[in-house]
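In the form predicted on its own, a lone chain appears below as structure tokens.
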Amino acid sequence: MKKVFKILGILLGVIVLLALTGAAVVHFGGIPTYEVNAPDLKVTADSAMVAEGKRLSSMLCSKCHMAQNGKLEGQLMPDLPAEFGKAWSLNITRHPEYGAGRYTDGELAYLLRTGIKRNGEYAPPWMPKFPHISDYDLHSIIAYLRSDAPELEPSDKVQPASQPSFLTKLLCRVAFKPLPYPTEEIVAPPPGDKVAFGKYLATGKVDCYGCHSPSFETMNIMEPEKTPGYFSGGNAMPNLEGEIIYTRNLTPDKETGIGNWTEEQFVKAVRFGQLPNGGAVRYPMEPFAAMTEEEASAIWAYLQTIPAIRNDVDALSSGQENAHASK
């Protein structure tokens, strides 16, 4: 019997040693790096593409990258969930050494689609990836970043290095992997195909589903509709004061979702931040003022086609408040 216990002890010791070794590799190894296979791409832009890129960037990039001085030189991300660590968004001005100016068009496209930076480092979860965005929309963003817009005036500001948590480092090794670069052209559905266009906006261009599904950790980026709790809300996101805000259920559920909303109410909430009850949307949700009524209406049409999921987000908020009150 003593021999059995001795063997079990040795096995347990080996397991603990392997676990500690693995944890050390994750902690000290940091964010993984990968081979860069950026395409040979040169965006040929016109004024319409630059204008569209500016509009898209105002919805997708500016919130994180816009500093208080009005330049896209990066900033501390105060609303990053604490479990991810601490992060600063990067300088994306035209600066040739410290900004996006050091990237080629192909490297920018590769980063935005796959999540791999020009130095091979993987962009952590707080940097969105756009594997489904159309080539035209992607090229429009790149065209805008090359433009003479004042917010892109070269800045030599260097933000502090981000401090990813152990969880972030682990997820970047086992869950969040670089995405494949498309081998064929991606074309957006025509606005006339309202449901398909709405799906494209909600899952490819604006990525509403990411925030409005239960957790960033369980997102299925390549197949968004397979994300657990797809569009049912409940994702815990801090506001600027650190208070946890649970994202809204956008499924057609009549009790806990938007099943009793009208299209007009939804469009007002998305574009102007006006809720049906007379209130206003709460940060981190902000009005998408640059989104057109046609786009918001298309997203509404798509949301009517997805399965209704009962997820009482208000109950989550009440439970949190009760927990604080009992302390």
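It should be emphasised that the depicted structure is a prediction, and the values quoted were computed from it without experimental measurement. All residue numbers refer to positions in the sequence shown, first residue = 1.
Just so it is clear, the following notes concern the form predicted in complex with a small molecule, a form of the same protein that is not shown.
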Does the small molecule, in the predicted complex, lie within 4.5 angstroms of each residue among L41, T114 and V195, using heavy atoms as the measure? no
Among the candidate residues A143, C172, V206, M219, which is the single one with a non-hydrogen atom no more than 4.5 Å from the small molecule in the predicted complex? V206
Of the residues H139, H212, K199, K71, which one places a heavy atom within 4.5 Å of the small molecule in the predicted complex? H212
Going by heavy atoms within 4.5 Å, which of 106-114, 222-230, 172-180, 186-194 lines up against the small molecule in the predicted complex? 106-114
Since only the chain is shown here, I'm wondering whether R102 would be in contact with the small molecule in the predicted complex (any heavy atom pair within 4.5 Å). yes
R55: heavy atom within 4.5 Å of the small molecule in the predicted complex? no
Taking heavy atoms only, is P128 within 4.5 angstroms of the small molecule in the predicted complex? yes
So in the predicted complex, is the small molecule close enough to L167 to count as touching (4.5 Å, heavy atoms)? no
